[in-house]
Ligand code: GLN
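Below you'll find only one chain, the form predicted on its own, shown as structure tokens.
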């Protein structure tokens, strides 16, 4: 380890290692920056920086974990999402860019709704299976910073108490206090008279037999896969949604790239109309929305 003296030499070696690794190349430099606790510009402005023995030891220990399948976000404990930063750990999924499409679509729908500025009607949004809280917090953050939507209140549910602790912390560090966090298996612990204008969820949707799950083994499997070819939780959420969704309200669901047609059929069979599927940034079906008739 001591043969590598300066940052510029180290970056050169990392580049070579990335070429020979299945890991994303930026993981190496991002992990290095996390170890030395410096911004990315430091790689350019301070190439002569000399890593200490303890920094080298920490870096190599992390690389071993990355190569063993531990995602970078679990090493750094942080993941950017929307315009915010979220703490993550082994109890939560790592927020993905594709989920930003779900946030985007819900915000567009809310902004399209008429508002009585003099006497705005209180509105309520439900995030099912909140995990790190990235969806609920991003939505609440956006609504909070637009005075016309300050009358919206967010409720976030998750069955995992450990995940809820992470979500509560993320709400705190992102200065979003307008969220009620409730431990619940889907709707189970909700009062039956609590109604919502929007229900949003990124539920488990990967087929339990999908070979790709092997590459995601570090993340909580209960938040990734579901029975019935990945559709069981989507079916459950949609079936019960009319009990908690106001007439004309929005149900917005993230799903797999090959599940668009099946999810549209599920929404249609449970009384939803104006159903549409939106593609993610890679051009794949990712989010399906419907309005309760």
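Since this is a predicted model, take the numbers as computed values, not measurements. Positions refer to the first chain, counted from 1.
Heads up, the form predicted together with glutamine isn't pictured, but that's what we're talking about next.
Q: With glutamine left out of view, choose which of 86, 152, 82, 205 has a non-hydrogen atom within 4.5 angstroms of it in the model of the complex.
A: Partner contact (heavy atom, 4.5 Å) among the options: 205.
Q: Note which of 91, 123, 141, 96 lies within 4.5 Å of glutamine in the model of the complex, where distance is taken over heavy atoms; exactly one does.
A: Looking at the other structure, the residue within range turns out to be 96.
Q: Can you tell me which of 187-195, 164-172, 100-108, 219-227 lies within 4.5 Å of glutamine in the model of the complex, counting heavy atoms only?
A: In the other structure, the partner sits against 219-227.
Q: Mark residue 233 yes when one of its heavy atoms lies within 4.5 Å of a heavy atom of glutamine in the model of the complex, and no otherwise.
A: It does not: once glutamine is placed as it appears in the model of the complex, residue 233 has no heavy atom within 4.5 Å of it.
Q: Does any part of residue 146 reach within 4.5 Å of glutamine in the model of the complex? Heavy atoms only, please.
A: No, residue 146 is distant from the partner.
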